[in-house]
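Take a look at this single chain in structure tokens; it is the form predicted alone.
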Amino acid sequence: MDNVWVSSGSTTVEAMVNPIAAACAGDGLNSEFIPDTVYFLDNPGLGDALSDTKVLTRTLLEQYGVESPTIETGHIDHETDFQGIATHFQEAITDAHDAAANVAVDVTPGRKFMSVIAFNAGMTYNADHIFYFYLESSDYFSRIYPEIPRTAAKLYDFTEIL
């Protein structure tokens, strides 16, 4: 069964890649979650962060045995296109369900309203996982997952908590 990851975008690569790396390692989870397909959401404020993230994500997934990961990018013209953000998550979750894939929504990256919309979409459309990558200290901001001590970070799955 395929695994699908749905996320928003961020101005920092780490906010987008670290949760995926933690899921692939199974950090904090009952079992690892290695996506075959990843959806990101681009908006004009992200600069080069998303293109760098896509390269790192592809490399990461290939290291975990995904031969040809699919990385899709949705676009919105302005970060406050709330309907566009909601549609991004809804359509990706629906497409994953139609393909009988497991689907995870990551609420870590993006502005707070993007995370709220992502969380709501995950709950409303029955995502299998709703992930949040938590750092114990701001000392680890802007650090990539392998450089963060395992005791200083944890991937939470809100579908197991709520």
Partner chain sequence: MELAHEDLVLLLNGLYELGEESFSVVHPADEIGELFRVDLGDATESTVSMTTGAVTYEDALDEIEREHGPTVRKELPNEAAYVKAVTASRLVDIQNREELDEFITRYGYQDLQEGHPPRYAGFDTNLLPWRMHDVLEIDPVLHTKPGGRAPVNGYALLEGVDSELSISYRYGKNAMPAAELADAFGPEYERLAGQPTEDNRETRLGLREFRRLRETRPHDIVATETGDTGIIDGCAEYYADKPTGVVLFSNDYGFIDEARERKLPAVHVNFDVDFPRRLTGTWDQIATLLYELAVLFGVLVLPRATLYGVWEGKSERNWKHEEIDIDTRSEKLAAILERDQPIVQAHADRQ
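Residue numbers count along the first chain shown, from 1. All figures in this text were calculated on a predicted structure; none of them were measured in a lab.
One more form of this protein should be noted, the form predicted together with the partner chain, which is absent from this view; the next part is about it.
For Tyr134, no non-hydrogen atom is located within 4.5 Å of the partner chain in the predicted complex, even though that partner is not displayed. In the predicted complex, the partner chain sits beyond 4.5 Å of every heavy atom of Asp95. Contact check for Arg143: a non-hydrogen atom falls within 4.5 Å of the partner chain in the predicted complex. Contact annotation for Asn120: none of its heavy atoms lies within 4.5 Å of the partner chain in the predicted complex.
Leu60 is the sole member of Leu46, Leu29, Ala101, Leu60 with a non-hydrogen atom within 4.5 Å of the partner chain in the predicted complex.
Checking 124-132, 49-57, 66-74, 103-111 against the partner chain in the predicted complex, the stretch whose residues place heavy atoms within 4.5 Å of it is 49-57. If you take 141-162 and check each residue for a heavy atom within 4.5 Å of the partner chain in the predicted complex, you get Ser142, Arg143, Ile144, Tyr145, Pro146, Glu147, Ile148, Pro149, Arg150, Thr151, Ala152, in sequence order.
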